[in-house]
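Same chain, two forms, each on its own as structure tokens: structure 1, then structure 2.
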Structure 1
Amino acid sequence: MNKTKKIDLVKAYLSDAFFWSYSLIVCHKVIYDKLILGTRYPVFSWTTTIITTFIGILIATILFNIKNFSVGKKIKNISEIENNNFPFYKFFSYFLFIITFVAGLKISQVSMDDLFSSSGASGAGKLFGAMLNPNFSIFEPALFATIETIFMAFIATVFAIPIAFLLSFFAARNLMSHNIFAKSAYVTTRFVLNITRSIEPLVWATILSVWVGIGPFAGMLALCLHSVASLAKLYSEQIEGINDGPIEAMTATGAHQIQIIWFGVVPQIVLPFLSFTIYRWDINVRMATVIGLVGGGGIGTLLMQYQGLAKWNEVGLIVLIIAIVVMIMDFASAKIREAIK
């Protein structure tokens, strides 16, 4: 058995161990505690979780070598499926989906009674009624706040472009695999980008509003950080999908790595990069309305102020302006992306 096959078997076994442990934990904590015992807030216990996980690993170990029983082997495409036979892994896959769906309903505390209650519907009706009757007396400050939001998103996108452009080459596997230093740069760049992108702009705005103060500068920095990580990921994936022919030809002629990137890679990625960048500006305009809720400036800050005072007529006007701006931005960005194809 070759090394690749052994690694695939180990991954398949670990997948089975995870699936069985997960299914038992969910069945115990959500299905048994919530549905059968009726416990509203089940108490978490490390002892129960460890025991359940151990049982799941034991079941996975027993069933792993039985034909058609391993989900992990099917995922790694190393299972032997008999003809005219509905394998167990399909039943188990459906079971995993069903218990995950039920667990999601219970953990999310989905309640049709609360959704269709008469008191809730009455309160929502009054709220929407006020919002549908906007107060145009605050139109001028709302308009200036909207302009601030658009420019804040624009500056964040412009600052993010060159940084993301440079980082994308270090985050492209096909360009950073020729030696140990390049591989280290690839892993480090990917790690930093994943960490930065996993933190939402709302969280970045909260941190930066403490650092630089409440206002559009904090919002712009938050959008810029998230845009760098997102654009670099999109750019690098585009680079990984380029045609390798020009790169191989230039490498054969003894071209330097920078020459290969500039003349062999960049011409293939210019148009997709422009499309991604315009789309990112569109996203940043939408995000800018949200990060204002935590002091990021723009129309979101104004929305938070009137919402906190329960002035729903004013909130209605702000929501109307946000909706119009988003529709205009969506239409404009779609036209620009269509024009550069």
Structure 2
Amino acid sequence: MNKTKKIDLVKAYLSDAFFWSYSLIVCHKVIYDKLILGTRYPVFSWTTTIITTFIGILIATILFNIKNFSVGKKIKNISEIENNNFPFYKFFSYFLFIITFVAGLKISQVSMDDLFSSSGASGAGKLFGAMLNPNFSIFEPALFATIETIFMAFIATVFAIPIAFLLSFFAARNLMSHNIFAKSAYVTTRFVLNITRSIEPLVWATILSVWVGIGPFAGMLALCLHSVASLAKLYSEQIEGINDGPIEAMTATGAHQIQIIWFGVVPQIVLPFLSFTIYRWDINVRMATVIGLVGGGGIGTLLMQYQGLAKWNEVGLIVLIIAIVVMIMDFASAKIREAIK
């Protein structure tokens, strides 16, 4: 047996163990505790979890050695004598999906009673009614706040472009695989970008508003950080997908590495980059309204103030303005992206 086969076998066994432990834990916690015992918030305890995991591993170990009873072997395509009469892996996958679905329903506390309760619906109806009657007396401040938001999003995007552009080359696997330094630069850049991206702009805005004070500047910085991370990822994926031919040709002329990138890579990526960037500005305008909620300035902050005072007619006007702006931005960015294709 060769090495890759052994590794595949180990992976198959591990996935079997995971599937069985997972289904046992879900069955125990959700089906038994919540549905049968009816506890609303079951207490988490390590002992029961570890015991169920262990039993799951035990079952997986037993079934792993019985023919046609291992899902992991099926996934990894390890051949066994085909037994079409009883495709166990199929039943098991249906079973996994169903218990996950039931657990999901329970965990998200889906409740038809709450959705259709008359008191709740009438309250929401009142709010909606007020919002459908927007108060136009605050039109001017709302408009100015919206303009602030659009500019904030614009500046965040503009600042993000050069940084993301530079970083994207370090985050492109095909450009960074020629030696160990390049590879470690690639891994580091990817890691930092992933961390930055996984922290929501809302959280960045909270952190930054402590640093530079509440206002549009904090919101702009938060958007900018998040834009750098997402743009660099999109850009670098674009770089990874380019045609290697021009790079080869430029290398053959005796060009310097920087010239190779400038002539072999850049002309191939400029248009997709532009398209991503415009799309990002569009996203940033939408995000900027949310950022405003945590003191990032602009229309979001205004929205937060009126919502806190339960002035729903004013909230209605702000929502209306945001909707119109988002629609215009959406339309414009789609048109521009189409035009430069």
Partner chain sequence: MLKIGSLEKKYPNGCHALKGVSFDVEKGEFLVIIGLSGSGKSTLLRCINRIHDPTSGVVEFNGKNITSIKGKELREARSKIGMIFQHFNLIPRRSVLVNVLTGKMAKLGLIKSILGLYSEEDKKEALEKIKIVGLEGKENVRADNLSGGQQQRVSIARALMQNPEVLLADEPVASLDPATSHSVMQYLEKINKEYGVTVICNLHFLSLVRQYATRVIALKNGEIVFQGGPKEINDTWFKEIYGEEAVEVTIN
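Numbering for residues begins at 1 and runs along the sequence of structure 1. The structure displayed is predicted, hence computed values, not measured ones. The term rigid core refers to the maximal set of C-alpha atoms that superpose within 1.5 Å between the two forms.
Source of structure 1: the form predicted alone. With both rigid parts superposed separately on C-alpha atoms, the smaller turns by 6° against the larger between structures 1 and 2. Here the rigid core is superposed, and I51 then shows its C-alpha moved by 2.4 angstrom between structures 1 and 2.
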